[in-house]
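We begin with a single chain expressed as structure tokens, specifically the form predicted on its own.
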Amino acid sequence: MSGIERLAVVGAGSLGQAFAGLLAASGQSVTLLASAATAARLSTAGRIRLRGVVELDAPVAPAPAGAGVVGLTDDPARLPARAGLIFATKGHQLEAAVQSVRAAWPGAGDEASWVAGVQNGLVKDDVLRRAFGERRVVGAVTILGAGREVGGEVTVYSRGMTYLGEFPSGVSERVSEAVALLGKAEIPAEATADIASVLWSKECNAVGVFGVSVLTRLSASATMRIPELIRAYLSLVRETAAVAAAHGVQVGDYAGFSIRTYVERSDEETLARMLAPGPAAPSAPAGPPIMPSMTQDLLAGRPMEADEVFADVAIRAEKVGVSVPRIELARDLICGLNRMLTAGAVKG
């Protein structure tokens, strides 16, 4: 099944705005489905503002909009036909977003449209399958990094890499089409025949990075300069990789997360390589350290994707009989923090 005409995005947080803004800036037609409040705010501003490694203002207008303009709507019925629909909400917002979209889209006779989720964790694809059916779901992983600023603009820290592939494996024409559309927007993208390996490898990195960063409130770069915290990261990676192997998936080395190397190499060798003095890095722009997305949410007082990342992988470990005591400890601490956060008892 192929023949999509455009990409569309659900969720106007930092990631959704970054995808939509870059697609529009490349002269493509793109629709962004936002909450009513966010749609009103962006409509008043008249544009999406991207800063950081990207410097652009993408105009917005009510959907459907012309090429080069982000078509903005809060009505799922206005999503385009024959589109690849990327869900970019937070994980805990995905179920509600999916149900809202599925009630109105895709329309009768639209056999080409497909959906993908770029949330952290693995449960996202289960949610999409239940709503849209197996054949409409494309596997997706992104490490495009972005964060919302108080003034309304989005800071893009890195264009990263976005991976797309078919379940359970393979590269299709629709995957290749989507990779080409993302590439035209200067969003680095790659088609992969083993999307399960990419998904689990990113999950290894997410469990490790979030587990250490959220509990220390340190940036990822800061944690990777402290031997004890590097060991903590590696222990969480190893446990997650063991769960993946029990599910028949071998982790790999991908842009931004060299998981197979970490698993196969001894911790002592990894520590020596990470802590070895190297050439002086170029001066970074002044400003606060870049925090992982879950730590950003904690510090901003927003709900975290704790269940979708930590609780879910612990459940998957139990199903295959793999012991994950460190993940379970991180799950209990972070899910407990999240419960307090949503009750208003934790402040950034």
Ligand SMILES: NC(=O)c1ccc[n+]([C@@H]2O[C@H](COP(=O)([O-])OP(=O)(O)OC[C@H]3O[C@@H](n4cnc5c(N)ncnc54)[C@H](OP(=O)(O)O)[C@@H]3O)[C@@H](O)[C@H]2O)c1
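When you see a residue number, it is the position in the sequence shown, counting from 1. Predicted model only: the values in this text are computed from it and were never measured.
Quick note: we don't show the form predicted together with this ligand, though the next part is all about it.
- For the three marked residues, 204, 241 and 317, no heavy atom of any sits within 4.5 Å of this ligand in the predicted bound form.
- Taking the partner from elsewhere, residue 34 is found to have a heavy atom lying within 4.5 Å of this ligand in the predicted bound form.
- By the criterion of a heavy atom within 4.5 Å, residue 93 is counted among the residues contacting this ligand in the predicted bound form.
- Residue contact with this ligand in the predicted bound form: residue 88 places a heavy atom within 4.5 Å of it.
- For residue 171, no non-hydrogen atom is located within 4.5 Å of this ligand in the predicted bound form, even though that partner is not displayed.
- A single residue from the set 199, 212, 144, 237 has any heavy atom within 4.5 angstroms of this ligand in the predicted bound form; that residue is 144.
- The contact with this ligand in the predicted bound form, taken as any heavy atom within 4.5 Å, belongs to 97 out of 191, 230, 181, 97.
- Heavy atoms within 4.5 Å of this ligand in the predicted bound form belong, among the stretches 35 to 43, 48 to 56, 317 to 325, 63 to 71, to residues of 35 to 43.
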